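Next up: just one chain, as structure tokens, the form predicted alone.
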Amino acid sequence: MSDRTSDVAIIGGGLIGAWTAFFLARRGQRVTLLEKGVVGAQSSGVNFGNLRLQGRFPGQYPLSLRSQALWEDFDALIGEDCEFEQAGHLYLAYDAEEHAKLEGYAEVSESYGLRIERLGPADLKRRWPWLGECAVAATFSARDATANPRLATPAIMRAAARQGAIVRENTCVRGVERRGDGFVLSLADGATLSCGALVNSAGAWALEIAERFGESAPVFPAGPPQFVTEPFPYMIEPSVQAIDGSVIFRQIPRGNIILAGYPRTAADPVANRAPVPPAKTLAAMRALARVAPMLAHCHVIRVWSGIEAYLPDMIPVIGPSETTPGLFHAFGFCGHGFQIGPGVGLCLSEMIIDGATPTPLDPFSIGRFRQSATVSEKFRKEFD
């Protein structure tokens, strides 16, 4: 097969790869994106769709706020609709300890300019009468939003293709090697691809690429269990989350309730499977009934999951390789990549084309794993 040449090759056709391809192609780069399956088939296309700002890792706020502005401009930027809804995010606490944690999150959010409302039980009952009686406090961020992940990633990829990006689905990368000041990729069909820069956004499969260049990270594959109920009269506008992670849910205008919750479920990146055990469904419905008793008898009509990569500190890897010029990593988004995806793609495009990005990315360096990995409380909770 003939050798093909691109300025940038991207391995991985999830949301991160799609946004990166779009921003690079928009600035005139010759981009080839390689996806082993179909675009958005894993966690990028099957996640909850939360565009939550409050409660994030502090070092992520500059990136997160930059991303939210891009989501808010999605229709104009991409030329298609992704069911973006800016209905806010309601964060619930059920005891004094959780209330203190909620207040800590709110103070961090406010320090980055996000407006947070603090609410007591009477406020909650007045504004959202469908809530149960258990919450002792809550915070509400009106700028938080949701979008439909099933629509978003394919739309971004189509926009990238309109800008000139080449998108190759069902294309496995069998080998990657450094050659001169660039890279040569060997593909499963016998073809090769030469490129000047390489983006490793391969999700749960990204570690294999990093290790070819002497870098590593303790990647853990898992799946976020997701559920949808039968339609119910529409009355729940915000996205709602218990701070203990037991349930996250929202109602779409058609009436269905989409919900998720911790702990995560097992995933097998070799067999390409992320099954959802029935016990997860039952636990999620019990948690849902605690928050919104009127939904106790809703019927779940479908469950699903996808495969995503987690790191023990629950912080992704984003940025240049520390061993190989021209190689850029973006993986391990720990279930939080949907919201920051556009900012990640924009930052990567700036680093590749301009040599730097104005958004601080130091906390996301792959070099932090040269030392023993920190295991966060959130990681322990999400994986039980």
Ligand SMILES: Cc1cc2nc3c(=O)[nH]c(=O)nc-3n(C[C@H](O)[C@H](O)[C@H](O)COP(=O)(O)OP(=O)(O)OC[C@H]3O[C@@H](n4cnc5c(N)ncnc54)[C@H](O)[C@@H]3O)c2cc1C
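Note that residue numbering follows the sequence shown and begins at 1. In this text the structure is predicted, and so the values were computed from the model without any measurement.
FYI, the form predicted in complex with the ligand isn't displayed, but the following is about it.
- Looking at Thr139, you'd find every heavy atom of it more than 4.5 angstroms from the ligand in the predicted bound form.
- Remark: Pro224 counts among the residues lining the ligand in the predicted bound form, judged by a heavy atom distance of 4.5 Å or less.
- Within 4.5 Å of some heavy atom of the ligand in the predicted bound form lies at least one heavy atom of Leu34.
- The ligand is not drawn, but in the predicted bound form it has a heavy atom within 4.5 Å of His336.
- For the candidate set Ser349, Asn47, Gln54, Ser64, a heavy atom within 4.5 Å of the ligand in the predicted bound form is found for exactly one residue, namely Asn47.
- Here the chain stands by itself, but in the predicted bound form one stretch of 125-133, 168-176, 111-119, 85-93, 168-176, has heavy atoms within 4.5 Å of the ligand.
- Contact residues in stretch 232-246 (any heavy atom within 4.5 Å of the ligand, taken in the predicted bound form) are absent; none meets the cut-off.
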